[in-house]
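Below, in structure tokens: the form predicted alone, a single chain.
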Amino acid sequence: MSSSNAPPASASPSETQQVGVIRGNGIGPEITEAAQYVLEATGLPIEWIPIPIADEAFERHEHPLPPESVASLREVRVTLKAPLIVNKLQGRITCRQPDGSEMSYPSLNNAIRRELALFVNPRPIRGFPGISEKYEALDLVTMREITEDIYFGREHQIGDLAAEAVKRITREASLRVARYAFDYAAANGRRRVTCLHKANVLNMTDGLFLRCFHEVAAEFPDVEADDLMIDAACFHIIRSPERFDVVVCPNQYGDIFSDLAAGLAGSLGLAPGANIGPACAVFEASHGAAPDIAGKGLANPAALILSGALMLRHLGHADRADAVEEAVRSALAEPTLRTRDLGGPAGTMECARGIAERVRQPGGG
């Protein structure tokens, strides 16, 4: 997924494309294998560059995100990332900077995004025939700002009596993500961009985000613009999902709203995602690492496979991306190729093989 804000690092059809790969933990290694299998079925020559993160990195460097891994991510520019386990009540991470200073982040996922200057997390959700029931027509893209908001991670304890967190919204970040959303809408024939906020209560922070949204909207007279409070948006997407097209919102709202949309589509296992910055991009499923089913071959690989399709499009291989996306839809139309979260009997690689077979067919999917 690309826009004018994020030029793809494209390769010619015959040129080998280097892609970083973070295998993650929990179900990560299984769905990574499945996604690689499908992406290789497109015929694009890919050189996978393993980048150690989390446990693998700690074993080598005694840190879950060492400077060596950050440097590799920057060098390769485009990475496919499996989910990482983020435990409750823990997870803060401190990373050493090139100048010797340190930066603290609330989670490993947050650290990867901010170390690479990734600023927007597009999460496209489409309904699936036979799976999504009354939400089959769902087709929206949530553009989640990922550098700040309450996930900025500035919080502190006041003894054992209270805790406080800072909600940080800046004009620069708000304008940047709004412009990315409108650029995307204009480039992809999308009719409307909707800003989600709670500016009736958070007048200064969400108010600033909303004002920046409308400022950018004025530059795109051919794209409809409107806004909704986040609670009203959650109501409306359940009642009238066709109301939404492209959505742009601060970090926390985007995290929650996109998961709700995935649930309406049928599963988080159908929810791809990307993290886009000026120089780097990381493509990942929107779901977590599901350690309870790790190693059992039960995980749904569709979200990471679809994230791989977003990666192909970002790299300039739109035809291959289309083939993967259509192959996923074709395969999941077969009940026998659906994984357990979708009510089917298929295992992870069985589902992936069914998708890859369709990618290889003449016309791709």
Ligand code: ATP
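Being a predicted model, the structure only gives us computed values, none of them experimental. Residue numbers run from 1 along the displayed sequence.
The form predicted together with adenosine-5'-triphosphate is left out here; the points below concern that form.
Exactly one listed residue, out of Pro278, Gly207, Gly263, Gly288, brings a non-hydrogen atom to within 4.5 Å of adenosine-5'-triphosphate in the model of the complex: Gly288.
Distance criterion of 4.5 Å from any heavy atom to adenosine-5'-triphosphate in the model of the complex singles out Val86 from the list Leu202, Val86, Val166, Met103. For the chain shown alone, Ile293 is a contact residue for adenosine-5'-triphosphate in the model of the complex, at least one non-hydrogen atom being within 4.5 angstroms. At a distance threshold of 4.5 angstroms between non-hydrogen atoms, Leu108 is out of contact with adenosine-5'-triphosphate in the model of the complex.
Shown alone here, Ser307 lies farther than 4.5 Å from adenosine-5'-triphosphate in the model of the complex, counting heavy atoms only. When adenosine-5'-triphosphate is considered in the model of the complex, Gly273 lies well away from it, no heavy atom lying within 4.5 Å. Exactly one of the stretches 212-220, 172-180, 151-159, 280-288 approaches adenosine-5'-triphosphate in the model of the complex with heavy atoms within 4.5 Å, and it is 280-288.
Residue Asp341 is the only member of 332-347 with a non-hydrogen atom no more than 4.5 angstroms from adenosine-5'-triphosphate in the model of the complex.
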